[in-house]
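Just one chain is shown here, as structure tokens, and it is the form predicted on its own.
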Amino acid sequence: MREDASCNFWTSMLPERPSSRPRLAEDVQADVVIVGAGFTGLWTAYYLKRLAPEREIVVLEAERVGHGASGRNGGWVIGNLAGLERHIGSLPREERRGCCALVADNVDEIGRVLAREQIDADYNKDGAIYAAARYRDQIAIQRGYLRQLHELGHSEADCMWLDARQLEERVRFRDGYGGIYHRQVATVNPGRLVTGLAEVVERLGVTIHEHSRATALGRHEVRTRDGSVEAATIVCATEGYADRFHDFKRHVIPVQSLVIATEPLSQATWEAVGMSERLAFSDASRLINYGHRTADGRIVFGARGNYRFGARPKDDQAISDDAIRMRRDLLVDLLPALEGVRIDYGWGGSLGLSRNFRPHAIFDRASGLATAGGYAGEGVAASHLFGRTLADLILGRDTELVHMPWAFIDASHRQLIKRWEGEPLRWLAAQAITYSYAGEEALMRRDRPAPLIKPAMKRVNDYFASIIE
């Protein structure tokens, strides 16, 4: 491991760091002001400007473009939504299929937009090993999950089972017993995507102010330290970084996600790993371990997010040497051929988690306030879909998107999104869930009969998952 490994790989891959954009230093007027220059804010600006080029749009960013989760994530573009089953589970089957098809096509639509706008973000669609079973007890669980995906509305062509032999043909996990292959998953360099998208919206006529932290959201006005924007519509696009103003932090809290990147791997190592394609992968751990092969032949790997007392977001990107080592050990346990491989980068950020796993796009016409978020770590794709949805809601367009179950109009986030409990209950619950999940996994790893303990532990953890909802 390099001594200076605590840095962001995506940032290092930018051709050059663009100059800082000017801060907001006066009182101005616009049709729409967007708080947050991450994926949600920039995609919303992009679709608003393409659909209504006469609209004056201003984007305010507290730091630099992509400072938050948009520039720090694991680079997955997933054809699914966290909590989708709770949105559409009660709909008729054909409506569920239509919704899942729209979510799946969103992955391809992102690729089409990047090609049209000539944004070089290393977009690659080779699908993903989605929750591979590494313990015998996980085989039945993951087969059951696949049935749920099909019942929900995902097609059998998009989501299919790979047995142990088929899994090994794609990637050589330690003890890979089988897993779900999800065709509608791509990967990107999110740093290049967010900076490229910012340049595109500026060419369309959107104004972006950096180092212009919103200090207050009023009725049709956003104030910063040095100026203000008066606008008919305000879009709060801060997701897991909404702790400093308004009451969004009571409904969407930040959870930390930590990621590492290896050195470029040799051809011999890749042959041992078995990933001939730029595949994305995850195992079936409830604690979430995931990664993918990058354009320059590294593995980016994220694992074991955590919650900080008081719902504090992670503003800096650095992570500790211990955090890097722990993720390296998890990666080597998953892919033994990586033993001895150097870790070149390690970084972290915050994702937004809603109390009932309810990703949402909301526009309250009475107040002029719009918001989207609650992506639960799947925001690279979801932010594009929800940015399109917000644009249609704000412009009053009668499209398929505004009738989707994540789209809400004429109601506020306070009415639609359940509030989180206060401290210390949140922190204590997070610790209990983490230790319980780890205990269940330790029992599975032993691969010994435990006819009483294992079912009991599974019921406890299923209950923990249900109460988060």
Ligand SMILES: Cc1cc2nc3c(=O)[nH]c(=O)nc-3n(C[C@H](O)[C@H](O)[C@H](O)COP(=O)(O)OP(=O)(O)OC[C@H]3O[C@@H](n4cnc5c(N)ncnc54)[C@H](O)[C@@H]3O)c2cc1C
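Quantities reported herein were computed from a predicted structural model and do not represent experimental measurements. Start at 1 with the first residue shown and count on from there.
If you look for the form predicted together with the named molecule, you will not find it shown, but the lines that follow are about it.
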* Asked: Though only this chain appears here, would residue 250 touch the named molecule in the predicted complex if you measure heavy atom gaps against 4.5 Å?
  -> no
* **Partner proximity in the predicted complex: residue 389 to the named molecule, non-hydrogen atom cutoff 4.5 Å** => no
* Counting only non-hydrogen atoms and a 4.5 angstroms cut-off, does residue 150 reach the named molecule in the predicted complex? -> no
* Is residue 364 one of the residues lying within 4.5 Å of the named molecule in the predicted complex, judged by heavy atom distances? -> no
* To do: Could you work out which of 201, 351, 335, 370 is the residue within 4.5 angstroms of the named molecule in the predicted complex, going by heavy atoms?
  => 351
* Note which of 123, 307, 290, 345 lies within 4.5 Å of the named molecule in the predicted complex, where distance is taken over heavy atoms; exactly one does. => 290
* Asked: Quick check: do 9, 191 and 297 each get a heavy atom within 4.5 Å of the named molecule in the predicted complex?
  -> no
* Stretch from 82-90, 278-286, 151-159, 252-260 whose residues place a heavy atom within 4.5 Å of the named molecule in the predicted complex -> 252-260
* Asked: If you look in the predicted complex, which residues in 67-85 sit within 4.5 Å of the named molecule (heavy atoms)?
  -> 67, 68, 69, 70, 72, 73, 74, 75, 76, 78
